[in-house]
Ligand code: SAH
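A lone chain, given as structure tokens: the form predicted on its own.
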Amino acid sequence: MTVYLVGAGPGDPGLLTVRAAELLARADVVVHDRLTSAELLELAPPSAERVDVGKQPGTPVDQGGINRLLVEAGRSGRCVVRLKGGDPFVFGRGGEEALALEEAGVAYEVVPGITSAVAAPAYAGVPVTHRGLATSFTVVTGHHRQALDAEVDWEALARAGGTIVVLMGVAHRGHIATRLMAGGRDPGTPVLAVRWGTRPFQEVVRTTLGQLGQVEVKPPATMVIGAVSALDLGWYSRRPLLGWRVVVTRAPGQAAALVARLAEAGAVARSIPVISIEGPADGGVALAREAGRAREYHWVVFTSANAVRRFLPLLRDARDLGAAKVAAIGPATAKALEEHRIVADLVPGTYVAEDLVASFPPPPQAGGRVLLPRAAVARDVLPEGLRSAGWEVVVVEAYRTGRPQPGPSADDLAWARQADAITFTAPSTVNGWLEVAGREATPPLVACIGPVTAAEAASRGLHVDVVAGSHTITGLVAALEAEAARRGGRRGPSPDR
């Protein structure tokens, strides 16, 4: 097998390369650094061994031990991914690890990553080169004081011009500034320091070379010295939920879409599922029976994507529906139908049972039949409303909501207590959260996908701050963005260990 020296990128999981994601997906062993994001580690199979070889600040680094670990793991016949921040060959000691593998006769592959030397400034709104300001840039480490004086000619760098990017140099920033000014750099030269670059809790400090030693800058930070640092192309800082920590309570396998939309808005979203989707109590006997009779109904009505995904696989194909029409309570349910190449004949204007009843056509004079596959526990507004309109309604259990096992970890609940907001997408998520986490772990801002969920939350004693106008994932995120704007974009704490 092969040991893969993989660049994890600067921190934003979205900057991981396709090749890196492919290798993580089939890794048997992941040897990772201290600052590797949890999202990247989750790309590896659950069965993969995860080995933290993180190097704590101020602690001597046993690189030899890491090298021996890689050689041993590589000889074991397993797929080994050595996941390194940024690019493994840019101050990542990847060359030393490759040499150790080379000398041991262990096959290896290098997968470059995006270096923080370029990405962190870009996320802070500063290009390292810019016409009229800088036509070159130099990347240098400022980690070891001895190397600062013995291996780096700072005066020569100062005279060379262009942009200077310093990695791991926060502790020695005053000395670096002094050396560069001694080489002729103007004390008024703009300087940018980016901490936690490319992450939602990114912090930016702007100063000058003359003041660099006096301003507070905390590691880990990338420092950019040069005229380009006066630019402020702040595309990332304008993300509406930047730095917000948001809890997502949807069932496993269903949280990804909401987590992704929140991340696009700049939030740190954490999936803490409190419900699970389980099969019907009778093992699906009744559901299969009614699926076999689907053509005998005038309408089949779906109130969730879960019901769609439980019911439609029981059909041979769409012809089993015969002349029956199909209704979906909202766009997410309609999209689930489209995955099976079925287009909903009816989707109400607002995505609640009351509007679906109001939008439903009257039954034929000879009487009409409606099949309603749904959750074991659900509101009776829809079947009762259709029956009042003259329809015969058959309700069949398509699935049940249970509690995931294991439930939220102590770390999950501790994270939730520090979060800014929590999202609920169904009454079952409200009840599930309060059952497994309780009010004491509930973040201060409660956001609900629609009025039914909000009513459940309120009935359980929660103060609901946000209700989506459009009862969809997109609408929920948009409502959170509006609330963040109203509150002035308040951010959560930084992720200091």
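Numbers follow the displayed sequence, beginning with 1. All values derive from a computational prediction rather than experimental measurement.
The form predicted in complex with this ligand is left out here; the points below concern that form.
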**OP:** May I ask you to choose, among V111, A100, A221, V126, the residue with a heavy atom within 4.5 Å of this ligand in the predicted bound form?
**Re:** A221
Original post:
Looking at V80, L241, A269, V194, which is the one with a non-hydrogen atom within 4.5 Å of this ligand in the predicted bound form?
Top reply: V194
Original post:
Looking at this ligand in the predicted bound form, is some heavy atom of each of V90, S116 and M168 within 4.5 Å of it?
Top reply: yes
Original post:
Thinking of this ligand in the predicted bound form, which stretch from 116-124, 323-331, 304-312, 274-282 has heavy atoms inside 4.5 Å of it?
Top reply: 116-124
Original post:
Is there a non-hydrogen atom of G74 within 4.5 angstroms of a non-hydrogen atom of this ligand in the predicted bound form?
Top reply: no
Subject >> is_contact(P427, this ligand) in the predicted bound form, heavy atom dist at most 4.5 Å >> reply: no
Subject >> Partner contact for G86 in the predicted bound form: this ligand, 4.5 angstroms, heavy atom >> reply: yes
Subject >> Residues of stretch 1-36 in contact with this ligand in the predicted bound form (4.5 Å, non-hydrogen atom) >> reply: P10
